[in-house]
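Okay, here we've got a single chain as structure tokens, the form predicted on its own, with questions on binding and movement later.
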Amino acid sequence: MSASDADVGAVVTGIGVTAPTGIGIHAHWQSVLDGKTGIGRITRFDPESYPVRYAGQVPGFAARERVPGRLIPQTDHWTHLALAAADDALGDAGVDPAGLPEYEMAVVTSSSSGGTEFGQHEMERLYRNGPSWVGAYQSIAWFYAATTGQVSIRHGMRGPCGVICAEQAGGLDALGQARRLARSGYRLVVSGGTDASLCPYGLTAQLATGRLSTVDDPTLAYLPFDAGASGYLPGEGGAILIVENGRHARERGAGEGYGSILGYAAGFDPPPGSGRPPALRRTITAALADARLAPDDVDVVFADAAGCPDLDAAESAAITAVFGRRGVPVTAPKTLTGRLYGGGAPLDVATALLAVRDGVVPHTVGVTRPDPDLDLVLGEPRELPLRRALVLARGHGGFTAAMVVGTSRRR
């Protein structure tokens, strides 16, 4: 990495969204500002016999309209959502991959469960009819790296490619890796992630964590930092971002795009019962140090917002320890989507960049009895002169990540 590449850093020049709040950045952002929820009764299968019947589903998504026909039977719904988002992100960035050196473009995505629905269907064929009924594409469609591979092949991107599996934190980890690649000189990286596990097998696997809310009312089931918090609802979708080397983006006229990835850090919680504190506080501190910023330089925090009382308390304590009691506005627009796992943090980063662009903090919908230690933005969006946002994400099992995005210009 040259000094000049490190100095210009990594900028986000394109965003593609396939989320319960809508398809495309404009639909998503308007839903967020309006507080329009994407959570409803699960329709991808009959959930009546399950303790969780509500989730965030991408409205109006038809794979046949967004994905080449030959790819549809080869790939899972989760990859369909990512392929569509990647197309939108590249279009939003004004990038034609065919005109760029193929080994200077990379793909790094996150995934928490792979092609769960595809895998379930093939297992059903196996048990009902025998091994000869299992399709050859089972070998690749379920695999965590399938989305990365399909995006890479579709757009002729032959630079470094990979997938990061760290549940909800993996989305920030993928973008952190994208930033590293961009700063080392690669022209652009398609990054972010999606997830889609709203099938019987996928939902059953999620229930095993014991973290899903079984409250049978979508308006009360996912209330992070609320006295009535009972867990979270799941969702599908996410966001794909185009991360570019800042110098290359400037040379092609894209400027700073939506903003820069200024700082990033990852951590891992100590074993339960160890007596040692969770990793989130020091992960936040490390991300700020990486960005060369002080807590006062951060204007808003997009919380991980697990919706589980113990995890909410730990996150509130970490935020308060760094920023002080009610020291920074905090928001969790993911109450409109449910937790999207590998797609959740990239969607939060996209939303944070839009918030900085427009100078408005989206509100957290549904919460009425908030944690008094947090300045949780409620009721309606709050207009503020925003320059930088901190995005937090934690993954099941102890994964922790923090990322600072926004403008590098100081006050």
Partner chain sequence: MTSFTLDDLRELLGSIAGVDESTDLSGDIADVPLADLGYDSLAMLELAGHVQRRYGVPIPDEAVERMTTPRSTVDYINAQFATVG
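Just so you know, these numbers come straight off a predicted model, no measurement behind them. Residue numbers count along the first chain shown, from 1.
One more form of this protein exists, namely the form predicted together with the partner chain; it is left out here, but the text below deals with it.
For residue 369, no non-hydrogen atom is located within 4.5 Å of the partner chain in the model of the complex, even though that partner is not displayed.
In the model of the complex, at least one heavy atom of residue 139 sits within 4.5 Å of a heavy atom of the partner chain.
In the model of the complex, residue 47 stays away from the partner chain, with no heavy atom inside 4.5 Å.
Among residues of the shown chain, residue 285 is not one whose heavy atoms approach the partner chain to within 4.5 Å in the model of the complex.
Contact annotation for the candidate site: 228, 309 and 316 all lie away from the partner chain in the model of the complex (no heavy atom within 4.5 Å).
The partner is not drawn, yet in the model of the complex one stretch among 171 to 179, 125 to 133, 218 to 226, 95 to 103 has residues with heavy atoms inside 4.5 Å of the partner chain: 125 to 133. Interface residue among 204, 209, 214, 74 relative to the partner chain in the model of the complex, by the heavy atom within 4.5 Å criterion: 74. Distance criterion of 4.5 Å from any heavy atom to the partner chain in the model of the complex singles out 69 from the list 379, 69, 385, 60.
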